[in-house]
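This document starts with one chain, in the form predicted on its own, laid out as structure tokens.
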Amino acid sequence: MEYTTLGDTGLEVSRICLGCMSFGSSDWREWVLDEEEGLELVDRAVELGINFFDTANMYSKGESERVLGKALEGRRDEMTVATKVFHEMDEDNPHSGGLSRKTIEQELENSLARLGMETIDLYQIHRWDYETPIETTMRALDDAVRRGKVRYLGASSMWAHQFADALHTSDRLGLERFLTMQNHYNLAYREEEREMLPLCERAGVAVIPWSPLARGYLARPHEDVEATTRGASEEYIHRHPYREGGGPEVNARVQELADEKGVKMAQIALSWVLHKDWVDAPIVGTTSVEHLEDAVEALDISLSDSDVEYLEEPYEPVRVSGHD
């Protein structure tokens, strides 16, 4: 395993972050692992040197946090745990979603209880709240840090101007600022290179992109994407513009380079993300130990400048996706 310092947090984290959306209950989404399989996956991740785990309160309506907390029991001090808040947890409770002070305070307590932790290492806003002033949100998050409930703050997909506003608000008011950005970034979706990634680079913000394999689109040939349970049942894979613009040709070139190097397509796609200087640790979600091991092995794959150029060349601008 390789390790890196996560932006300005001072935390030393593995270059692979295990995404835990696949933990919880198949009642939530068909492809999600139930508890026993989730525990096995975390155990293997720890054996492989992974010490960075990302979840959210909304994943399996809290079950992902509970499973992760159980899996890390007795070794939480050695790990960096990140979770998120924003999406509605209870359709009958309007205060269970958004980024108001009430929601942040009550959902933070709920996350801590499910994780079995006294403090969350990295607490992230899952999306931008158009109904709550950013000053209100940042004050509530700052209070959470000052009360010792949270160590560091992070954000996820939003427009660059919104993130700049949040950073400026924190600086202007003397509040804790966002130190990480979890955004949508992969070979088939590179719109973040226009504004968000340069902003993070200038502001010293760590980048921990989600969906580095484009929800599996870059893990198998274009025509075989729906052959898996997730590919056939996951509506979100079709909502993102992976198949638009140059996506199919990018997919074909990933396959070609993987065959040339004798590795898997997913490993080439992940290696490309790892070769990007502005990326700290991509968030890799998986439902099998084998795929987890493949992801770790991708750290050893070297791509030349010409390899990177060849993979990137077919890309065309596509619609912005992932902010909802």
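Counting begins at 1, following the sequence as shown. Nothing here was measured: the structure is a model prediction, and the numbers come from that model.
Same protein, other form: the form predicted in complex with a small molecule, not shown, and the subject of what follows.
Can you work out which of L311, L303, M21, L11 has a heavy atom no more than 4.5 Å from the small molecule in the model of the complex? Spelling it out, the residue with a heavy atom inside the cut-off is M21.
Tell me, which of R190, R114, H222, H126 has a heavy atom within 4.5 angstroms of the small molecule in the model of the complex? Flagged contact: H126.
Any chance all of Y59, A214 and V284 sit within 4.5 Å of the small molecule in the model of the complex, going by non-hydrogen atoms? Checked in the model of the complex: all three residues contact the small molecule.
Hey, in the model of the complex, is S156 touching the small molecule, heavy atoms inside 4.5 Å? Although the small molecule is absent here, S156 would touch it in the model of the complex, with heavy atoms inside 4.5 Å.
D294: heavy atom within 4.5 Å of the small molecule in the model of the complex? Because a heavy atom of D294 falls inside 4.5 Å of the small molecule in the model of the complex, the answer is yes.
Contact label in the model of the complex: Q182 to the small molecule, heavy atom within 4.5 Å: Heavy-atom contact with the small molecule at 4.5 Å: present for Q182.
Spell out, yes or no, whether the shortest heavy atom distance between F86 and the small molecule in the model of the complex is within 4.5 Å. Flag for F86 set to no.
Within 4.5 Å, heavy atoms only, one stretch in 199-207, 132-140, 214-222, 164-172 touches the small molecule in the model of the complex. Which? Selected range: 214-222.
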